[in-house]
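Okay, so here's just one chain, in structure tokens, the form predicted alone.
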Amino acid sequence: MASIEEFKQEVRSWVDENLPAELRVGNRRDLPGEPLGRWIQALASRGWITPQWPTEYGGGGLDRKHAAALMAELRAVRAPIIGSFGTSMLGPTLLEFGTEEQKQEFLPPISRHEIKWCQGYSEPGAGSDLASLQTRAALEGDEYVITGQKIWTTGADKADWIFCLVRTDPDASKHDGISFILFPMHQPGVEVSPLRLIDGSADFSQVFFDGARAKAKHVVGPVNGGWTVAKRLLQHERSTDGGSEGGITGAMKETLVDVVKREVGLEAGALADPAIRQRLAAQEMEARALSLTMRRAGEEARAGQTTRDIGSLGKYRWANMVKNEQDIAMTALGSQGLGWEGPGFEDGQLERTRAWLSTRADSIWGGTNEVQLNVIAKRVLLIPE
């Protein structure tokens, strides 16, 4: 394998050939479809959507250092980073718990970004206490029949498949009777109802199952042993959040620094408002500290020196920092941060207002802050109950 510097130069040359200027704006929702599709195909052809996965499953076969160098080069030019529930959560879980048949069936399409997945975990009566879930799966021949309800299911209205927690043994203790199963969303017995959120979006949905069917061979891990698989997937989810370095810059038309500079103004080359200047500096130091902490945690985990639940620490800090980032922006915007629509507000200001509203939920989804603190206390700090 090439040296890191040689590989970085290879990536830069490849990006110059394959990434048009119109896509060098980060992970935005309004990216033009045709150029984005070509970019996705180009990444998939190199295995760079899942750069550390084995090549036999569509990955790039890179080691950690080369994969990190690739991501650094892509972020440096604000290239769209193609990620999904499949790449960040289900795929790593299948690599650990899936059968070879499951890996061959599901991982290559995930690596090519061909299948959209959603996560069937939370229920109206089973959120933070997830093990209380009541969605049932009854075995009929070589299939399970699914009955029940999920809620706050991100992207369910656009998903092709779902990875879902179901109760396969109603008589077992609540943690022991759960299975982790995969099945298609586009079938009779699956009804999706989007939920309108405070920021005006409808990314979450309620999902109702009434006789939906899943193949028995698509149970991941042992039947009635899905709780272990489910927890491992959550660790991947939380590690992904914690590794995002505490911000959503790149998804916005303007960075936080750009917003603050424009709205507050400069005096002698420094921000005119010393209080906001101090908060912005603290935010950047927190982001850097979180990045270094999660990098260290990753090294320790690979060396077997720490627990995998360190991702909860990252998720907890990340959620607070994302909320704080938007708080700083709203403080800088003042009354211009109170717009919803109509004249008198710029597009970037309206976008920030909705982002501020949206981030109120970041300390809830993926496990509330309170849940994360419990996990950190029990499984990272090993504090006795």
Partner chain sequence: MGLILSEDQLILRDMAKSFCDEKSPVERMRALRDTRDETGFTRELWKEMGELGWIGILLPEDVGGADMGYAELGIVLEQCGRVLAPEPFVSTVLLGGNAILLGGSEPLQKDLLPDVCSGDRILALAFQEQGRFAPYAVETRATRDGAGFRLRGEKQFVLDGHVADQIVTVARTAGQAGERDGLSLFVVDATTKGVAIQRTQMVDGRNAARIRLDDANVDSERVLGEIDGGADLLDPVFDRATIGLCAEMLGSFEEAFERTLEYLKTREQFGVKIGTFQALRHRAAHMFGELEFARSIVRDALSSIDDGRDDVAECASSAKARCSDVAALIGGEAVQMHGGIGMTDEEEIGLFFKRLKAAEFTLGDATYHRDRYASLRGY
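Positions refer to the first chain, counted from 1. All values derive from a computational prediction rather than experimental measurement.
There is another form of this protein, the form predicted together with the partner chain, and it is not shown here; the text below is about that form.
With the partner omitted here, the stretch from 192-200, 155-163, 205-213, 281-289 that lies within 4.5 Å of the partner chain by heavy atoms in the predicted complex is 281-289.
Within 4.5 Å of the partner chain in the predicted complex, a heavy atom is found for all three of Gly269, Thr293 and Pro384. Residue-level contacts in the predicted complex: of Arg232, Arg75, Lys261, Lys174, one residue has a heavy atom within 4.5 Å of the partner chain, and it is Lys261. Of the residues Ile310, Leu182, Ile151, Leu107, just one reaches the partner chain in the predicted complex with a heavy atom at 4.5 Å or closer; this is Ile310.
Taking the partner from the other structure, the partner chain in the predicted complex has no heavy atom within 4.5 Å of any heavy atom of His66. Contact check for Ile376: a non-hydrogen atom falls within 4.5 Å of the partner chain in the predicted complex. Although the partner is absent here, Val257 sits close enough that one of its heavy atoms falls within 4.5 Å of the partner chain in the predicted complex. A residue is said to contact a partner when one of its heavy atoms sits within 4.5 Å of a partner heavy atom; Tyr316 meets this definition for the partner chain in the predicted complex. Contacts between stretch 75-94 and the partner chain, counted in the predicted complex as any heavy atom lying within 4.5 Å, involve no residue at all.
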